[in-house]
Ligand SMILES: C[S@@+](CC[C@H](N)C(=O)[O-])C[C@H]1O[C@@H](n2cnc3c(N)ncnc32)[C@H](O)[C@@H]1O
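A single chain comes next, written as structure tokens; it is the form predicted on its own.
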């Protein structure tokens, strides 16, 4: 398609500018409302076409200079060009719109912003090329790797890891090889997991990498297995002051500041409830703070390593009598009504697909308080509708910017009978 000109009217749900012309609707990355742009249309996308930005002919009022040297190349951040106030309003509005599509209009708080350089975990990709190793993130909608030298989002310890890791991986990889690198900052150092096609018998030779990079733990992940090859210091994160050793590549909230904000909200929502159920509990992000505050908590998750880590941490932290953790697939076997009797509060923090099966049963229960944490406003709104139709009142929703400069937004909310 030939190049066209137009003005960005608004941002779409993914953060791309929407340009309506007599040739159709175009979704243009790296733009802001009010930009007059020259674009080239591409493949069909939804009700319009994806487009490439050729030129910003005149900037909109909320355009600012991006702060990262990798902006445009790196596919991680796509909204650094949007002024902070407009960015916060747009992200909050993503939540408002998702709720409105389900005829819900609760009080929605302003967006919570974590500080810069707060992200403690990252999934890098390493690719061996003739001159060395590219280590960083994929370009937008591409398998090409941006060799990252700095990042406005990541914890500085993750950025500092990259030069040494490049050098260490170079002799271990053949040209054309690619591996995934999962890195997490913990109290005792970086917990690193390498995922690739290396045969399992190479594990002993990799243990020297942990010493070279001063890692807390180094693990290798293959198809269906994860195995630590070196544990120099036990990785530790804390929930409610209780130390937890997460399983290799186990789920953690990406931003400690966002996690602290979500935990504070959950505590406020649950209040004085003493018999609490935590669904999709993981390693105990919310279970342990609630139990440390005096609640008796039944925790459920389908990830056995996470439940094992939670059980061990509760016992070592003196909370064994207040925490009972169980491995359970809540989409196939949600808690039924007898299991919800005498429960004073339920918390659920499901994966992106939401908790349809469980909220359908919660809607029939007499649990006084339901607290929710969600990483997807659309699936949350669907589940919220089920609860409201079952007699709950959606009292308030609090958006949290867990992944800055992206179209991703998380939230916490509370329902009361």
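Everything numeric here is computed off the predicted structure, so don't read it as measured data. Positions refer to the first chain, counted from 1.
Below, we turn to the form predicted in complex with this ligand, even though it does not appear here.
Checklist line | Among 98-106, 246-254, 83-91, 151-159, the region lying within 4.5 Å of this ligand in the predicted complex by heavy atom distance | finding: Within 4.5 Å of the partner lies stretch 246-254.
Next item on the list: Answer with yes or no whether residue 328 is in contact with this ligand in the predicted complex, where contact means some heavy atom within 4.5 Å.
Entry: The answer is yes: residue 328 has a heavy atom within 4.5 Å of this ligand.
Item checked: Residue contact check: residue 191 to this ligand in the predicted complex, 4.5 Å heavy atom -> Residue 191: no contact with this ligand in the predicted complex.
Note to self: Would you classify residue 285 as touching this ligand in the predicted complex, given a 4.5 Å non-hydrogen atom cut-off?
What the structure shows: Answer yes; at least one heavy atom of residue 285 falls within 4.5 Å of this ligand in the predicted complex.
Next item on the list: Please check if residue 177 has a heavy atom lying within 4.5 Å of any heavy atom of this ligand in the predicted complex.
Entry: It does not: once this ligand is placed as it appears in the predicted complex, residue 177 has no heavy atom within 4.5 Å of it.
Item checked: Listed residue (124, 280, 269, 112) with a non-hydrogen atom within 4.5 angstroms of this ligand in the predicted complex -> Contact check passes for 280.
Margin query: Just to confirm, with a 4.5 Å cut-off on non-hydrogen atoms, which of 206, 167, 134, 303 contacts this ligand in the predicted complex?
Written below: Exactly one listed residue reaches within 4.5 Å, namely 303.
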